[in-house]
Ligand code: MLT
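One chain is shown next in structure tokens, namely the form predicted alone.
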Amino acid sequence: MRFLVLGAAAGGGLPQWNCGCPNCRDARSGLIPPATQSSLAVTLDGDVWAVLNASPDIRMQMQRCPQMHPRALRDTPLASVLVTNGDIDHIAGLLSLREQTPFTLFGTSEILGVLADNRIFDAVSTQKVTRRAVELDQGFEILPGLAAQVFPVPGKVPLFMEGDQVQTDLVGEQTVGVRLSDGGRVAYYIPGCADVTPELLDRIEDAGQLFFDGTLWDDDEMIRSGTGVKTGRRMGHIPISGPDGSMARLQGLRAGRTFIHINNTNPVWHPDSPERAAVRASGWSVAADGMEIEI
């Protein structure tokens, strides 16, 4: 399996259009590389690809990656898209894939229901783009020879569906992780996760590679930086740091480990930061646009 990080950042990207935080300023000035919104592509043969989450930046991402360019007048190496939740930063890119080229769109019934309830997504013609509902813990083929399975991880409904009361540890079809296997090697993609539960640890113990939610370093990072009023856990994301953070909870996992879906405020963006050093010392890497990983 070969993975291509189309986008490493969380919603808003780096720099975020309306943000003047230190990371966004440094990204604009070239001190740190900019990053587009989270999306991951996978292939077995280098010719046919599946994309995990359709970022709002997907047109730019595909344009700058020759692997994703058309090979004929109307053509694409893209065979399928799988969405892991209904968040805007994971579904809005579908609207850029509306030009009547066939592919298969995978998602749980609940996630596909979010698309069905928003008529703007009718622009992605169901006559060309097959919407295929997949069940939790049931295998399906996302590419020829590449088996996939989605499974529930703690999370919440998309921001635009929130009511007065928000449950951030829902376990069901609204937020899923993805298991990928070519029959030998196994990888997991979990870009949004509110908690690393014992059940999740047991599930991913066979991982050869893990792409995991790296949204915030500290739970109160956005509050302290003045960029928001919510904690990471309130947004449905476990922080990286701390005794109950993802780095500590996943320290026993014997796999390649990469943080993805990283918020613009996260100090791990800086290669010389103590937070990046701590990540490296714990055996993790930090995703970057264009990064390739093969297992």
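For every residue, the number given is its place in the sequence shown, counted from 1. Quantities reported herein were computed from a predicted structural model and do not represent experimental measurements.
The protein also exists as the form predicted in complex with D-malate; that form is not presented, and the subsequent description refers to it.
Contact between Met235 and D-malate in the predicted complex is found at the 4.5 Å heavy atom cutoff.
Under a 4.5 angstroms non-hydrogen atom cutoff, D-malate in the predicted complex has Leu159 among its neighbouring residues. Residue contact check for Ile88: one or more of its heavy atoms lie within 4.5 Å of D-malate in the predicted complex.
Stretch-level contact analysis of 265-273, 235-243, 252-260, 57-65 against D-malate in the predicted complex, using heavy atoms and a 4.5 Å limit, identifies 235-243.
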